[in-house]
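A single chain comes next, written as C-alpha cells; it is the form predicted on its own.
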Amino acid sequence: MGIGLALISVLGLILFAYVGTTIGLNALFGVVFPYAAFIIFVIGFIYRVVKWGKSPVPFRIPTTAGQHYSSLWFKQNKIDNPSTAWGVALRMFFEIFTFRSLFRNTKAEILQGRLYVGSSKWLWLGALAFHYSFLIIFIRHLRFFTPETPWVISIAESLDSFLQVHILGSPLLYITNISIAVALLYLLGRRILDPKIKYISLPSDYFPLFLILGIISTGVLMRYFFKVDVTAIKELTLGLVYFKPVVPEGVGSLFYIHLFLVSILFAYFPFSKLMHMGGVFLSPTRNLANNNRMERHINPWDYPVKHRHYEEYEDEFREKMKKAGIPVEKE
C-alpha cells in the first residue's frame, strides 16, 4: 500500500508538470514553483532547527560504544565515549563524513530456530555512495547558477568523469550518475524485499526515494538521450538567481519536469525524515561529552519546589490516616 501510494504520487507529479508545460504554463514551473520551494525550504529548515534547539535537554544522554574515562582499568575509547569537547568534535566529524554509527550497524536473523547476529555493511556502503554522489551532483549543478564556472566545480567535474567514457557519442559519463542510481535502487529494493523493513515502512519512507529516482532519471535522459538547450536553461537559472526571471524559448517539457521534481524535493525536505541532515548536529546523543562523573550538571529548567517533611504531612492528614487504619507517629 505504501509503495503504491508513493509511486502514484511521484508519477502524478510528473504528469502534472508535463500537462502544465504542454498547455503553456512554463512560467509557473520555471519561476513560481522554484521560488516558492526555496522559500518553503529556508523557512521550514530554520523553523525545525530552532524548534529542536529550544527542546530542553536537562541531562547529558550520549549513546556510547566504548569504555568510560573513569574506569581506569580499561582503556577509554575517546571517540565512541568522549569526555572532552575535542573528542566530541572527532565523533561528530566521523559521524557526519563517514557515517560511523551506521558502519557499526548489525543485523539479527533467525535461521533454523537459532538467532544469528552479524555485520551489516551493505547499508552503510549504499548510504555512503548515495550521499556523496548526491553531494557531487549538487556541486556540479552549481555551474548553472554562476556566470562563469568556478575552478572548484571544474575540478569536481573532471574527477567525476575521469574514466572518459562516452555512451553512443553522448557527453562524458559521470561516475556519480551510475553510483547514485545503484545506491538508490539498493535502498529502495531493501525496503521492498526485506519483510522486516517493509513491515515498518510508511509512504513517507518510499516517497523521497521515488522522487529522487525521478529527478535522477530525468537528469540522465536530458544528458545522454534527449537534446536540451543548455544555454537557454542557464539563462533561466541565472534569471532566478539575480531575481530577473525569464522564460526562454527552447526549454522542453523534460527540463521543467526535472525542475518541478527538484522544487518538490526542496519544499518537502524540512518536513520529512530527510531533515536528519540538520538534526544530526543537534542530537544530544552525539554532540555532548559523557562527563557526568567528572562534572555536576544542574538542570537549567528546574524551578523552586516547596518540600514538606513527613511530620508536616502527618500533621495535615493525621485524622484521615487514623480513620483509614494507617499507623501514625503522633497520637
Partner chain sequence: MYDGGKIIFGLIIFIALVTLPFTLGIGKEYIKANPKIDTPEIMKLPEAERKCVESKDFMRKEHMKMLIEWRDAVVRDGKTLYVNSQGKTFNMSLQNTCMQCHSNKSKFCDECHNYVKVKPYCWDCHLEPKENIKKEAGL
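Computed from a prediction, not measured in an experiment: that's the story for all the values here. Residue numbers count along the first chain shown, from 1.
Omitted here: the form predicted together with its partner chain. The next part is about that form.
Not displayed here, its partner chain is kept clear of Arg114 by more than 4.5 Å at the level of heavy atoms in the predicted bound form. The closest heavy atom approach of Phe59 to its partner chain in the predicted bound form falls outside 4.5 Å. At a distance threshold of 4.5 angstroms between non-hydrogen atoms, Gly87 is out of contact with its partner chain in the predicted bound form. Residue contact check for Lys78: none of its heavy atoms lie within 4.5 Å of its partner chain in the predicted bound form. Residues of just one listed stretch (289-297, 49-57, 62-70, 25-33) have heavy atoms within 4.5 Å of its partner chain in the predicted bound form: 49-57. Of the listed positions (Val246, Ile197, Val182, Leu202), a single one reaches within 4.5 angstroms of its partner chain by any non-hydrogen atom in the predicted bound form, namely Val246. A heavy atom within 4.5 Å of its partner chain in the predicted bound form is found for exactly one of Tyr242, Phe93, Phe74, Trp122: Tyr242. No member of the trio Ile3, Ile14 and Ile215 reaches its partner chain in the predicted bound form with any non-hydrogen atom inside 4.5 Å. For the partner-free chain shown, nothing in 178-199 comes within 4.5 angstroms of its partner chain in the predicted bound form, judged by any non-hydrogen atom.
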